[in-house]
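In the form predicted alone, a lone chain appears below as C-alpha cells.
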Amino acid sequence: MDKLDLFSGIYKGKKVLITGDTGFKGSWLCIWLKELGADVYGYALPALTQKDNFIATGLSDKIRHMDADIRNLEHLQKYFNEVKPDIAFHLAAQPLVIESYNNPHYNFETNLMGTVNFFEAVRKCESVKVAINVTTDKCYQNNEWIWGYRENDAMGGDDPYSASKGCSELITNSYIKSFFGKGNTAHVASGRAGNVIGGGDWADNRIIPDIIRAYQSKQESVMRNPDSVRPWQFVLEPLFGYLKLGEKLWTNGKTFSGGWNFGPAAFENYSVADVVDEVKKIIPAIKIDASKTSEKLHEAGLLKLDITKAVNQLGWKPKLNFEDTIRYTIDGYLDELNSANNIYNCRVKQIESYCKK
C-alpha cells in the first residue's frame, strides 16, 4: 500500500462510497482506494458488458457493491445511511455525447437529478465529511478558444451531454452555497477532467475502444473528427487529482471547496489523428479509414483546460506526456487481450508504475 499512497494516509481505514463504481473511472478509483486500505462501497447500475473494467478485474468480490439507479433518491439515501461513509465520490452518470442525442431525457434525468440526489444523500448523512462530484471539461461554455478554460469561466454546453454537465456544476455550486458553506457540514468540491483514456473502457463511439475492437475482429475502424483537439489523459492522472482533492478537503476543509480542473499540460495539445498515429506505433496492424466520418452530430473541435489552480493549490500536476499516456492506455488493453493475465493485478502494477513518477 505504501507504494501507492500519495495522500498522507487519509484513506486508510475510511469508508469511501463511490457512485458509478461499475463505470470506467469509478472502477479504477475503487482499485486505487482498495489498495490504499479504504473500505470501499459502490452504488451503480450493473456493468454493461463482461469486458468492462469492473467485471474484468473481479471488483464485485473485492468491494461492497449495490446494483442500483442513481435516480432513486429514497434508495440512495437508505444506502448512505446504512453505510455511513466518511468520504463520497459521485461518478454515476450518462457519460457519452452521442448517447445524449439518442436519449436526451435519460441523459438530463441522470446527470441533473442524479447530482441532486447525491447531494441530498450527503446532506442528510452526518457521517460524510468530504464529497466530490466528478464532472468533465465539457461543462464549460465552449467558445473554441485557443487558451484553456479556468474554473471561474461560464458553464454551458450545446449538446445535451455538455449542457447536463454544466448544470451538474451549477447544482454543485448551489449546494455548496446553500447547504455546505458553513458549520459542521461536509466539505464539497467538483473535479473537471478531459478526455480520459485507459484499459477497461469499452464504451461505444470512443476512439481507442473502437480501434481495439476493430483490431480484435480484424476489421477497419473509422476515424471520426480527426482534427478535433482534446485534453487526452491516462485515467490515473485525474484520479490522482480527485484523491489529492479529497485529501485537502479532509485536512483543510472548506478552503478547498469549489471546482477544480485536471488536464494535461498546456503544451500537450493533440488531435484524434495524433492519437491514431501514436497507437499505430504500438500496434502497427491496426486498420483505420480516415477518408470518411460517421459522426454528423455537433461536438466541439477545440477544448482545453487551464490547470494552474490545481498545480498551485493542490500540488497536483500531470506526470505523463502524450506518448506515455497512449502507451499506458494501450498496454492496459493488451493486458486484457492476454487471457492468462489477472487483470486486477495488472491494474495495480500500472498504479504502482504511475506512482513512481
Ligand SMILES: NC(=O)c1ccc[n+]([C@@H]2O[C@H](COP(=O)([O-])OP(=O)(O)OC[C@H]3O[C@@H](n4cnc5c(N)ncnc54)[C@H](O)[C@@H]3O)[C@@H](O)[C@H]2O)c1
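Nothing here was measured: the structure is a model prediction, and the numbers come from that model. Residue numbers run from 1 along the displayed sequence.
FYI, the form predicted together with this ligand isn't displayed, but the following is about it.
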**Asked** Of the residues 122, 243, 92, 139, which one places a heavy atom within 4.5 Å of this ligand in the model of the complex?
**Response** 92
**Prompt:** From the list 270, 101, 215, 106, which entry has a heavy atom within 4.5 Å of this ligand in the model of the complex?
**Reply:** 106
**Message:** The chain here is shown without this ligand. Which stretch in 311-319, 64-72, 328-336, 31-39 comes within 4.5 angstroms of it in the model of the complex, by heavy atom distance?
**Reply:** 64-72
**Prompt:** Is residue 209 a contact residue for this ligand in the model of the complex, using a 4.5 Å heavy atom cut-off?
**Reply:** no
**Prompt:** Could you tell me if residue 230 has a non-hydrogen atom within 4.5 Å of this ligand in the model of the complex?
**Reply:** no
**Item:** is_contact(residue 163, this ligand) in the model of the complex, heavy atom dist at most 4.5 Å
**Value:** no
**Asked** Would residue 221 sit within 4.5 Å of this ligand in the model of the complex, counting heavy atoms only?
**Response** no
**Request:** Could you list the residues in 117-140 that come within 4.5 Å of this ligand in the model of the complex, counting only heavy atoms and keeping sequence order?
**Result:** 134, 135, 136
